[in-house]
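To begin, one chain is listed below as structure tokens, in the form predicted on its own.
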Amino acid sequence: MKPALHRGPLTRLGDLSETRYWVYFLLFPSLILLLLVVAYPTLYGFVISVREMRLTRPGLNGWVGAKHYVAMMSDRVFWISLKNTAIWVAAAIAIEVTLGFIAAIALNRNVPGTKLFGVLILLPYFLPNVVAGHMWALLLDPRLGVINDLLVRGGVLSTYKAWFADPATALAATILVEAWHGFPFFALLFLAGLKGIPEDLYKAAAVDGAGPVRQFQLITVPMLRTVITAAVILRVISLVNSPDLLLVLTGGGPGNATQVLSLYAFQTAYREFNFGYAGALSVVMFVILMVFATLYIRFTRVSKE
């Protein structure tokens, strides 16, 4: 009778590699990392939202259930922030998509100078938000601003204007700054999508009598639907979650005229040290973004392509 062969760890590992469980074994380290980096902070944010967590009054910390969400319903600043967030995101996306399409179509043409033009278009996107914010704060400064000086010299304004200090113009001014800073994101993605559209489609449409506008409607937009959907969703998430530009330009003022949800949550957490209420605001933002992404994907029907 032959003695049984000893099966070492390497032999058992080799046997495992021949089974369908091997792929799960290889994915296990990535799954652990994903849980630590994504799942745990997200779940902890939900936990904070139902607890009282004030660094200035630790004796009050504890489970409060839906207290923060109930308080949110009567919070005037929350509703102002929600309205401003909708205006901020919708207006910025509309301007950025429009400018992104114009820039991408211009860059897609093989004419001299397009490479230099492409570099100049991408420059705003290379700037950090803080740098871009301070630059525009100086350009629109009511005393030293170059843009104010040009508008006064051109007769558009009679006197220098404090764009970020006037409640009537502060939100519009910040939206234009954000659009200037963000439209290269769309231009880059749209340009990549345009490069993948066969030129024969445009030639065939031209033979059928379709002009540039009809070609854009019937060929360009449908062929870029997936790119547009992905770009809009990513940009909406970025706009909703990033308060840094508004923090530099206005700080949410004047009089909450530029207050948005992300900035309100940030100030609640790091000025008032009320992390429980800030967590509830973050959960509301998370739910809004999830609902938006789901409805937007269904509306565009991109998942059926």
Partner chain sequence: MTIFKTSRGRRLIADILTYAVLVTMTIFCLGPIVWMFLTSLKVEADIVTSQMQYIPRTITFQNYRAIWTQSNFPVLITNSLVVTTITVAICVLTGTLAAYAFSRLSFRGRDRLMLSYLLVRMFPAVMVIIPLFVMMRTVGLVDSRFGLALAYTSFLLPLFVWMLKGFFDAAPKELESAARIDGSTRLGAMVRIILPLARNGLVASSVFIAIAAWNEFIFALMLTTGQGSRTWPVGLQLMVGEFQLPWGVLAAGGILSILPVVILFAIVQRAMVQGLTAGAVKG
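Numbering follows the first chain given and starts at 1. Rigid core: the largest C-alpha set superposing within 1.5 Å between the two forms. Just so we're clear, the structure is a prediction, and the values are computed from it rather than from any experiment.
Here the subject shifts to the form predicted together with the partner chain, a form of this protein not shown in this document.
Residue Ala106 is the only one of Ala86, Ala106, Leu201, Ala172 with a heavy atom lying within 4.5 Å of the partner chain in the predicted bound form.
None of Ala168, Ala71, Val156, Val130 but one reaches within 4.5 angstroms of the partner chain in the predicted bound form through a heavy atom, and that residue is Val130. Across the proposed site, Ala90, Val260 and Leu295 without exception lack any heavy atom within 4.5 Å of the partner chain in the predicted bound form. The stretch in contact with the partner chain in the predicted bound form, judged by heavy atoms within 4.5 Å, is 185 to 193, chosen from 201 to 209, 185 to 193, 71 to 79, 214 to 222. Remark: Pro243 counts among the residues lining the partner chain in the predicted bound form, judged by a heavy atom distance of 4.5 Å or less. Although the partner is absent here, Val50 lies well away from the partner chain in the predicted bound form, with no heavy atom inside 4.5 Å.
At the 4.5 Å threshold, heavy atoms of Val64 stay clear of the partner chain in the predicted bound form, well away from it. Interface residue remark: Gly279 is counted as part of the site for the partner chain in the predicted bound form, having a heavy atom within 4.5 Å. Of all the residues from 121 to 155, those having a non-hydrogen atom no more than 4.5 Å from the partner chain in the predicted bound form are Ile121, Leu122, Leu123, Pro124, Phe126, Leu127, Pro128, Val130, Val131, His134, Met135, Trp136, Ala137, Leu138, Leu139, Asp141, Arg143, Leu144, Gly145, Val146, Asp149, Leu150, Arg153. Residue displacement note: Ser30 has its CA displaced by at least 2 Å between this form and the one not shown (rigid core superposed).
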